[in-house]
Structures are given as structure tokens and as C-alpha cells.
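Take a look at this single chain, the form predicted alone, given in C-alpha cells.
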Amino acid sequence: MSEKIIIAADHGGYTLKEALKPFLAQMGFAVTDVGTASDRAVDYPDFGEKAAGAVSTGLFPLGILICGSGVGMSIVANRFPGVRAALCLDEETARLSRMHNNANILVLAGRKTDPETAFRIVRIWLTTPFEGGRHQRRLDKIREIELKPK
């Protein structure tokens, strides 16, 4: 049985999203694409909400979001409880985001990341385990912040 992953992009990330879907399937993931379906201009919060909401509620263990710079999708995703979205522009950041932060959403910059670089980032991100230990203590503190009354 394949592990599930959800993916979404706005128009700035559409092309990279389409390139990543067969790559993810080749890695053995069952990919759910929640849009967008073209490079026609759309609003990134609409698509970031769909994917981040699904990770937040536990419907999907992992997600990938892509917009032009990656910043907008990062902001949207990190509004959801339990989501740890990391914008990764290189392999080292991808590795550390999993190892130290147990990131559950990878954010990519569609206008700054070519497909070959994205494939390397994604592969590292999906295969790097969380170290736990002192890093878990820090994630627990983040969870406490999330649960504080506003």
C-alpha cells in the first residue's frame, strides 16, 4: 500500500507541481492533487488551505505546496494547528526541516526551483527521518503555543 501525500499549487507553482506528481508516484506515493489545474492566475490561499487543512486534520500525513516564491504558501500552511510547513530552496534545508523540525509540509518556490533540483529536495525531504530527542521538546513547545488561548 502506498503512503499518501497531498499536493497543491497556485499558478506560479503549477508547472512544478505537474512535474512532481509522476516523480512522487514513482517513489511509491499515492498523490492527491487539490489544484490548481492550470497556470491561469488564482489565489494561493484557496489551494494552500485545502492541503494544509487535510494535513492538520490527519487526513494526510504529508503535503507539498508550491507557489511562485514559496512564501505565501508557507504563511497559509503554518496557520493550521499541527502543521509544520518548511520552505526549502536547497537539499540541506530539506534535510534539516525533517530531521530537526519534523516538517509535515514541504513548500517549494515554483519560480526559483527547477524540476531537477525539486526532485532532489523532495527525495531528501521524504526519506530523512525525524531525530526526536531535544528536537521533540522544541516541537512540544510549539504545540503549547498553538494551544494557548488567544
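Predicted model, so just to flag it, every value in this text is computed and none were measured. Don't overthink the numbering: it's just position in the shown sequence, from 1.
Here the subject shifts to the form predicted together with a small molecule, a form of this protein not shown in this document.
message: So, Arg123 and the small molecule: in the predicted complex, are they within 4.5 Å at any heavy atom pair?
response: Looking in the predicted complex, residue contacts with the small molecule do not include Arg123, since no heavy atom lies within 4.5 Å.
task: Would you please decide whether Lys21 lies within 4.5 angstroms of the small molecule in the predicted complex, comparing each non-hydrogen atom pair?
output: Although the small molecule is absent here, Lys21 would stay clear of it in the predicted complex, with no heavy atoms inside 4.5 Å.
- prompt: Is Gly68 close enough to touch the small molecule in the predicted complex, meaning at least one heavy atom pair within 4.5 Å?
  reply: Answer yes; at least one heavy atom of Gly68 falls within 4.5 Å of the small molecule in the predicted complex.
query: Would Phe47 count as a contact of the small molecule in the predicted complex, using a 4.5 angstroms cut-off between non-hydrogen atoms?
result: Although the small molecule is absent here, Phe47 would stay clear of it in the predicted complex, with no heavy atoms inside 4.5 Å.
message: Just to confirm the contact call: exactly one of 96-104, 114-122, 60-68, 22-30 touches the small molecule in the predicted complex at a 4.5 Å heavy atom cutoff, so which is it?
response: Careful reading of the contacts points to 60-68.
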